[in-house]
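Just the one chain here, the form predicted on its own, laid out as structure tokens.
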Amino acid sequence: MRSESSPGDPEKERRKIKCVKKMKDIMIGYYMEAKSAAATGKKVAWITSGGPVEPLIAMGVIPVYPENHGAMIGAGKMGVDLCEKAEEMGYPRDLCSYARADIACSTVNGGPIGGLPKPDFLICCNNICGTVLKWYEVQARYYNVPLFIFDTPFIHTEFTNEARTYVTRQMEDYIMFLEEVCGIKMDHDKMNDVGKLSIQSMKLWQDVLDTTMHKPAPMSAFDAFFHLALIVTLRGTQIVVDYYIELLDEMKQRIAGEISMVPDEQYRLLWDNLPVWYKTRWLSEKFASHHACLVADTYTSAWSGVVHLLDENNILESMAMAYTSVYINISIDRMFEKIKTMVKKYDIDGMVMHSNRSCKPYSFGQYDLRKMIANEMNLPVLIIEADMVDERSFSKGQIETRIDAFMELLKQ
């Protein structure tokens, strides 16, 4: 971010989000508990980021997310080495870089925390992509542990009653699977309590994201990428609720104190797709140098997008709707409607789409979406080509030129 003051000066310190330290402490404690699970007698489940975590929390199982770990690998600039290791094992470069990094990591205990704890079983939900099915099958064979596959039908037009019944029955099957592998019965009262905390945390997370409706925005999408971790990993716990209450309070204080994330914010942008984890700071500073703030994104809002439709008195059906209705499990037409809503809500001046080499379901429809946005909304759209973890797919010079040209277009 361009600043008229030097690093470490009071103005720069004033703009920092104070909750970051607490967030880091919570995540350190979470990974320490997961890594010591074998010694404490707790079970560990690896689960996809879009998978139903609430039953695990209710059963006292520690959920671990290889995709979250993949993001940490990307942010730590460890992606290329692990991806190349996976390619040496026979996995093609076209495969998702999260999958490549995770598969390779298991063989060398690599990554920023020395590898993930060994899973007792795996939970795979296909609402985010088809790659996870084969990825989790590979890992289930490698660790010789059970795998439960949770199937969510694609939503072309609406979440039908048939889909609701189908996915709700799978929630029941999922609980039966957990009872078998854990050797205990589900406490359904506890499950309901966890579900209510989950819905509460989703509402709070959306409230946090909505603070960027204020001009200037007290945070950016790049900050949301960081603070998203808790709604993914520990959703359904009091820890998440308490943290987002504190973060929301800080955002309100920043608004009251006129503390913006981007000095002299003039342009408000919407981000689409996963972050480029190894270049988040550079991208943030690059856009900020043009007085542009990415105030919203389609990625972090995916964990709270349908919270207004959920019923805390009917947890299983609510979870069925929530996990089936995630952003990349819906049609292009429905995506477009969501984008239109966000553009109006956050008063967006332009959109930035990350054409992500790794995430095909998220990226394939972007050129169609760009045409729809241009034709109906007359909104400028920038598409940058990269990868979320593998730095070999990032051309800094090319992307910098595209950003500069895009911002000049907005300024006209």
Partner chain sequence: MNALNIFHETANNLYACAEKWKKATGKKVVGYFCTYAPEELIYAAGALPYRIFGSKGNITLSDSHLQSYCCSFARACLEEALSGKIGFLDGTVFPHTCDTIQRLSDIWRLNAGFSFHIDVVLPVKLNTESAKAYNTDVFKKFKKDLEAALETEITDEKLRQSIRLYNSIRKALAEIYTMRSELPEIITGKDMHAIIQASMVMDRNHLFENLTTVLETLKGNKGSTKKSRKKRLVLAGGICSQPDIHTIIEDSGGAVVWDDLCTGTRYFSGKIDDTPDPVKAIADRYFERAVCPAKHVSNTYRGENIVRIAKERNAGGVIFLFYKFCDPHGFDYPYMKSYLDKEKIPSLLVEVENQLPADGTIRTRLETFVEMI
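Residue numbers count along the first chain shown, from 1. Keep in mind the model is a prediction, meaning the values are calculated, not measured.
The same protein also exists as the form predicted in complex with the partner chain; that form is not shown, yet it is the one meant from here on.
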{"query": "Triple contact flag 215, 242 and 350 to the partner chain in the predicted bound form, non-hydrogen atom at 4.5 angstroms", "finding": "no"}
{"query": "In the predicted bound form, the one of 310, 182, 147, 186 near the partner chain [non-hydrogen atom within 4.5 angstroms]", "finding": "147"}
{"query": "Listed residue (78, 113, 95, 255) with a non-hydrogen atom within 4.5 angstroms of the partner chain in the predicted bound form", "finding": "95"}
{"query": "Candidate stretches 95 to 103, 186 to 194, 263 to 271, 301 to 309, one within 4.5 Å of the partner chain in the predicted bound form by heavy atom", "finding": "95 to 103"}
{"query": "The partner chain contact at residue 117 in the predicted bound form, heavy atom, 4.5 Å", "finding": "no"}
{"query": "Non-hydrogen atom contact residue 72 with the partner chain in the predicted bound form at 4.5 angstroms", "finding": "no"}
{"query": "is_contact(residue 177, the partner chain) in the predicted bound form, heavy atom dist at most 4.5 Å", "finding": "no"}
{"query": "Contact of residue 342 with the partner chain in the predicted bound form (heavy atom, 4.5 Å)", "finding": "no"}
{"query": "Residues within stretch 359 to 384 having a non-hydrogen atom within 4.5 Å of the partner chain in the predicted bound form", "finding": "360, 361, 363, 364, 365, 366, 367, 368, 371, 372"}
